[in-house]
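The chain below stands alone and is given in structure tokens; this is the form predicted on its own.
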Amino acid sequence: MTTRKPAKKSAERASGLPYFSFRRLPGGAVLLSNDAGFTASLRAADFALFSAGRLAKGTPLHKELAAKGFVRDLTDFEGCAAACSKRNAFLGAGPGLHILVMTLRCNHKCLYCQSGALGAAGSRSDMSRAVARKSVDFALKSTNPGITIEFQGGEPLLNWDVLRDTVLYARRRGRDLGREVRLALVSNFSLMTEEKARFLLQNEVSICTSLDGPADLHNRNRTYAGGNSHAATVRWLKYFNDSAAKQVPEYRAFKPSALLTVTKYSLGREKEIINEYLRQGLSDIFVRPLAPIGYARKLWPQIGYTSAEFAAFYRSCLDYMIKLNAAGKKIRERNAVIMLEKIVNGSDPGYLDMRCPCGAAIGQLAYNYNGDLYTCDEGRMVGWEGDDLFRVGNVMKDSYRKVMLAPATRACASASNLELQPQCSRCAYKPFCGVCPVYNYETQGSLWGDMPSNERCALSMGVFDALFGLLAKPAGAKILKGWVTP
């Protein structure tokens, strides 16, 4: 149960309570939170005393709650305002993530594909050199002081010549303008060669791939007609890991990262999946729930699951990783790290899906192969299905100002404002959460959505319940807090 404490004047005078939210966690603890993002975990008996205004003054718990803004007469308003400012600093930055879809072609047929990928033949869906350069120029118009250009597909290596040219062009334009430009590539590695790998390393392009677990599970999810998808993935993971371990003075070599997409076939195989990541030299695993968008929606009865099933899977993953950490093995869950950055450090980790308002257009932009601009990559996927609701312009003819003021930009910002969502505004997890207008639109027929019956909301609740449940325990809190830098 999550709710908000009524702010009746008579009750406030009697108890000294400010306006706050609370949630009863599995296991009996009660979580308090406020708009500044401060939290406290109370035993049920202590919560009963606190909510009735009978918690003894001067006790360690009373002092803790007062320091965190849960005692009205002792609230540090300047401190709370500073905390709010820190966690919402992104609001004035502008889009920092720019996703360039180099091609819609792909040589894989993944069960959950959301990219709208075509076969590997042909080139009509490839981004041209002119569009790619114009996209880089447009990205550099962002008011964000540092931008990330991420090359995606389909499989971006199918359009290698343009990708290579765009990397060099982005590096040159960044130097000319004195702008920080980070470059990233998302690839299935099937077309990687040593020549391409060396070029990417020398130009400081960070590398990300997909790894869904052991070979049988990975290959089941990520079908590759040209061979063994898992074998290619682990081969190049080792190559980039070895390169990062060597390091040379000429350039920075980044450790590769991998994404896990959880399907029904993943359930019950938590330990095998995590052990596979450890075998491949990866110290982070991003346990991502599957979204019923694109092809995944059509196959949902085969590969989907309920929010409760994912929550159980996620909690099992965390429990196993904590056990491994206690045994001296380094492995973290990226979703937890992102949330802990907000919870423990009170700062924005840059994860656009869980911002308020979300990152649609104001935090990221997706550049389709033909130059069409969308609020996000998920919005582009909706456009591929024939609905251009999330299209905000085109790099060849529209100005940055026009894109930022586009109807879809404003609609997404409004629809993802948690203060305007009845259930979200009263939720204890509001300071750390965010809604996705594209998900709402695809699953519930409106940007606004209906949170009480929203599966994404239920998934997020399960993740937060697992995290705060572990944070309420000293052993779990020690390990989880060690996953983020103070």
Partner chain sequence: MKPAKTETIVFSSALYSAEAVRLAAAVFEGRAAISLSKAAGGLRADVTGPENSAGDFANEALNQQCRLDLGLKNSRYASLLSTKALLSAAGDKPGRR
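Not measured: the values here are computed from a predicted model. Residue numbers count along the first chain shown, from 1.
Omitted from view is the form predicted together with the partner chain, to which the following refers.
For the marked spot (Gly94, Thr143 and Gly449), a heavy atom within 4.5 Å of the partner chain in the model of the complex is present in each of the three residues. Note on the interface: of 146-154, 349-357, 125-133, 211-219, the segment with non-hydrogen atoms within 4.5 angstroms of the partner chain in the model of the complex is 349-357. Looking at Leu420, you'd find a heavy atom of it within 4.5 angstroms of the partner chain in the model of the complex. Contact annotation: Gly28 falls outside 4.5 Å of the partner chain in the model of the complex, judged by heavy atom distances. Taking non-hydrogen atoms only, Tyr400 approaches the partner chain to within 4.5 angstroms in the model of the complex. Gly445 belongs to the set of residues with a heavy atom inside 4.5 Å of the partner chain in the model of the complex. Taking Ser190, Thr409, Thr263, Asn335 one by one, only a single residue has any non-hydrogen atom within 4.5 Å of the partner chain in the model of the complex, and it is Thr409.
For the options Ile285, Val392, Ile99, Ile362, the residue carrying a heavy atom within 4.5 angstroms of the partner chain in the model of the complex is Ile362.
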